[in-house]
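Below you'll find only one chain, the form predicted on its own, shown as structure tokens.
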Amino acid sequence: MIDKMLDSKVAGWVDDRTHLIRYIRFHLIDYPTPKNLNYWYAFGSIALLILVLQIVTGVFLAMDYKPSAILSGGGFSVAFDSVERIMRDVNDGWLIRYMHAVGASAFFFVIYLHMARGMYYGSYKKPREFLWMMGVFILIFMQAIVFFGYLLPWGQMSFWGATVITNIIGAIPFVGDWLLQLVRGGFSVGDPTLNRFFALHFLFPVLLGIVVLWHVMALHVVHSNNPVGVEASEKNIIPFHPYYTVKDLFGIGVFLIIFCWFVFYHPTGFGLMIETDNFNPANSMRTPADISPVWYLTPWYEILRSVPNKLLGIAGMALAYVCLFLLPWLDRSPVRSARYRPVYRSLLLIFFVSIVVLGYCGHHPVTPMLTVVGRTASVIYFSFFVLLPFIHKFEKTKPLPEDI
């Protein structure tokens, strides 16, 4: 059916004037792909679907949302009242909001798995270094977007979470106070902050979409890696359609089942996606007992929190991202896939566990025990990157196959 549409006279007329059809054929139909890709490679397509879903639901939410912290007639802020109106009065507003909230968590979950797969199969190695760096940049972009969107409901947790996180900026030497006032629009989180965050939360997804498109185009220049980590010969290359479109559609179907289950039955994600305190309006006179970001930001928050000095904590959190950027150059082994690298595989699994532990510690109140655990997990996180340049010197890799 797709081939008939692309071979029609209308498609030919459009292609003669725009080259659109040949672009579609090259990037979606005839794109050469190794024949041994497994379902771990479907997370890229799932992430692209979620991005579209987030943009669409965000546009519909913006139609009824009012970014104002000024008190309304009911005694609550206009922003909080508008969210309540979306949930109660707007047709299917509750569904759109929960799809947007659950979609944010789903986006990060899929991206984290996508990056873990890339690290396990060595998809960051030459010639895909730039592709990996763009992926890390996309992750930072996403975290900025959710940070700006976190304040918008103007609930108790979003208000105080934004207050705590923006306070970190003030620790930057020389320009910290100036940046803090620039971000907040004043000396504290208030109506100017809400308007700034709403504008940036609406703008950044458009920029993210451009970066993601660039990421896909870069992928189609260097082509996909595979689980073996060996460049495939011509005889082991197949077109993307229909072989992997069917595979990706199956993965998308499984994802949508899980996604809908959360949307309709557990939209708060058991308190991980939407904190129950956020159903209460923001109150600058009452500080919550515990303030922590949503689950997909807690590993980085725990690295920040593990350092007693605020400025050094910021440096540690920034270094965590820098290490990810430098991963293609830190790993000097000529072998890509962890299937053939027993030492690297063991260290990588410990690294993944440390991130989970950091996330757990960052989501809970500070205790002496969790402080020790969080600092230990932080040391393990950075130790992985410190040891990485030396692994190839003593690691005995398994023999690589000549072809996939």
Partner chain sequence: MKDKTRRDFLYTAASGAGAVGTLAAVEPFMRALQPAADTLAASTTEFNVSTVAPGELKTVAWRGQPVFVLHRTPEMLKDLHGHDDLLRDPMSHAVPEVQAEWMKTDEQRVTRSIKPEYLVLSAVCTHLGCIPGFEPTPGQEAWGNIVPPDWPGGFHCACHGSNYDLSGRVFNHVPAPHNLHVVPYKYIHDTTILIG
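Numbering follows the first chain given and starts at 1. It should be emphasised that the depicted structure is a prediction, and the values quoted were computed from it without experimental measurement.
There is another form of this protein, the form predicted together with its partner chain, and it is not shown here; the text below is about that form.
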L182, M285 and N309 each touching its partner chain in the model of the complex (heavy atom, 4.5 Å)
yes
Which one, 204-212, 236-244, 186-194, 325-333, holds residues whose non-hydrogen atoms are within 4.5 Å of its partner chain in the model of the complex?
186-194
The unique member of L304, V263, L219, M273 whose heavy atoms fall within 4.5 Å of its partner chain in the model of the complex
L304
Candidate from V164, L319, L139, V90 lying within 4.5 Å of its partner chain in the model of the complex - any heavy atom:
V164
Exercise: I291 in contact with its partner chain in the model of the complex, heavy atom 4.5 Å:
yes
Test of understanding: in the model of the complex, would V366 fall inside 4.5 Å of its partner chain by heavy atoms?
yes
Given that its partner chain is not shown alongside this chain, does I168 nevertheless sit within 4.5 Å of it in the model of the complex, heavy atom to heavy atom?
yes
Is W178 a contact residue for its partner chain in the model of the complex, using a 4.5 Å heavy atom cut-off?
yes
